[in-house]
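One chain follows as structure tokens, the form predicted on its own.
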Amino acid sequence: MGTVSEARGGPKLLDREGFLAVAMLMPAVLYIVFLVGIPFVMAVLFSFSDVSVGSPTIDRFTLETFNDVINDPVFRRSLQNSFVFTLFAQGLVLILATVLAILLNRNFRGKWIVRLLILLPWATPIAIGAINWLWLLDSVYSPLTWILREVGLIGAGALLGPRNVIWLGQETLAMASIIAIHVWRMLPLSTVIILAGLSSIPQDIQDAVQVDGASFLRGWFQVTLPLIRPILMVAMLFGIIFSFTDMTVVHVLTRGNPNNTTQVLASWAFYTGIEGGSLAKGAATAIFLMPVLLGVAILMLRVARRTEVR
């Protein structure tokens, strides 16, 4: 009797594809609903209200919050910096990751050690890595400044001047430093994604390219690049999303200084809503991230889909 009831109950239910699909997807759906969906809905409601830390209840809905945010010069500077930061950082990441992936796709002695060293920045918690960079870019005790002084780039009559380099105290150098550190952080992920795409190309195709006598650039642009274009789109999509929403590097290194010239949307939303106590303005600032990221995601996925179909 136990065997019959068992056959009628458990196994038949587990054999149903519909039940298995729901059971497997339910944890991911619950995760998205509770950790993404509910906070997003609350952020939208807050952005149309006058909620603050001192008055946490929604008394009325208004568009004045968005008007105040748009007219804020720091917000406009943060929006501009977000685009500059994302474009420069992601461009450098894509170029360097492609070069590294091509090199790591070849066989050479000690390749696994090189792969391990490349993955270390991604495996290291970003807060710890940013604190280390904060010491490396110190205006007085920076090892980078010492190296520049030893090679003659800093000093009397040197190219960069006689004084120490104020890495995080000058507007251009501060933004360049943040971009460089973000590239250092994101490079391993993009390299692994592109390397996976290169490894998936059949060896027969690569042998055919070599037999035809095609140069490296011709083989890359006419054969390899079209084959890994969907993978490149995925790497670019992840990179843009991470870059546009990142605030850890800015928060640890500069906190948006000097004079909010390194402020980005994510950090300004945090400082306005959490530290400043204006939850409505912080939520309205963060909402501006949504259409940009949604548009980028749709564009990248459409390009990858068309390439995959072809």
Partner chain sequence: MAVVEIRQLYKAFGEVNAVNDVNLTIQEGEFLVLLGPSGSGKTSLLRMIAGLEKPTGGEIRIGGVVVNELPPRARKIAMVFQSYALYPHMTVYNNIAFPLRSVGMDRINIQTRVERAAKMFNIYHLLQRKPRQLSGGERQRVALARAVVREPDVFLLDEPLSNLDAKLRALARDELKQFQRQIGVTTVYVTHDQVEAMGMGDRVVVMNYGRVQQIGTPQALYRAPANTFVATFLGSPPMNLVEQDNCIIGFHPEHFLPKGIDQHMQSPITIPFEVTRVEYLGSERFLYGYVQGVGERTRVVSNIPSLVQLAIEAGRTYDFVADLHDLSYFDKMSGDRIAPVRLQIAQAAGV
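Numbering follows the first chain given and starts at 1. All of these numbers come straight from a predicted model, not from anything done at the bench.
From this point on, the text means the form predicted in complex with the partner chain, which you will not see here.
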Check: What stretch, of 68-76, 174-182, 197-205, 86-94, brings heavy atoms to within 4.5 Å of the partner chain in the model of the complex?
Finding: 197-205
Check: Of 148, 236, 209, 168, which one comes within 4.5 Å of the partner chain in the model of the complex, counting heavy atoms only?
Finding: 209
Notebook entry, point to check: Heavy atoms within 4.5 Å of the partner chain in the model of the complex: does residue 111 have any?
Noted result: no
Check: Any chance residue 227 has a heavy atom within 4.5 Å of the partner chain in the model of the complex?
Finding: yes
Next item on the list: Determine whether any heavy atom of residue 213 comes within 4.5 Å of a heavy atom of the partner chain in the model of the complex, and answer yes or no.
Entry: yes
Notebook entry, point to check: in the model of the complex, does residue 153 have a heavy atom within 4.5 Å of the partner chain?
Noted result: no
Next item on the list: Scan 215-253 and note down the residues that get a heavy atom within 4.5 Å of the partner chain in the model of the complex; none is a fine answer too.
Entry: 218, 222, 223, 226, 227
